[in-house]
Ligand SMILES: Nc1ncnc2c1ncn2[C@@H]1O[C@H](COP(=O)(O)OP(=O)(O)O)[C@@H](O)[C@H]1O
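Here we start with a single chain on its own, the form predicted alone, put down as structure tokens.
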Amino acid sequence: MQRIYISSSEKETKKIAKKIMAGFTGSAVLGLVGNLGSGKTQFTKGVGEYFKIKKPINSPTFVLIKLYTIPQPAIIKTLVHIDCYRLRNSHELLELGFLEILNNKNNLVIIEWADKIKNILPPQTTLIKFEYDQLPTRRKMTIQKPHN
């Protein structure tokens, strides 16, 4: 299933993220793909707002993985935010415990630059492609949910 959203601002990107998260009922893996500045981190901030995470969410480019506790009672307890921008290959992420992160059913995993590790993404990964639209402030988000 594929769905396309158009965002004209960071606020709108966050609003779209909240709308998309309302459709998830349990743990999930979201693979975000797109150029620098295309909206991946803003989307993740919207997910954080949806789950009422108090800690500021920013890109984990230099630490690679950040964990955020989800305060509300839910199946999902932790937002795991991964940034693969600096990785040379998927093996580096495996060395950081990626499989353990995926196997924890209490995790929502969001992976920026997911195309860099596509060979180890689980088949149930929801891919979200971020692209610049015709206007410089607009972004196109294409959501590709896996077939069940």
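All of these numbers come straight from a predicted model, not from anything done at the bench. One-based numbering along the sequence shown.
Keep in mind the form predicted in complex with the named molecule is missing from the figure; the text below concerns it.
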{"item": "Interface stretch in the predicted complex with the named molecule - options 22-30, 41-49, 115-123, 96-104, non-hydrogen atom within 4.5 Å", "value": "41-49"}
{"item": "Contact flag, Asn35 vs the named molecule in the predicted complex, heavy atom cut 4.5 Å", "value": "yes"}
{"item": "Partner contact for Ser8 in the predicted complex: the named molecule, 4.5 angstroms, heavy atom", "value": "yes"}
{"item": "Residues within 4.5 Å of the named molecule in the predicted complex, restricted to 76-90 and counted by heavy atom", "value": "none"}
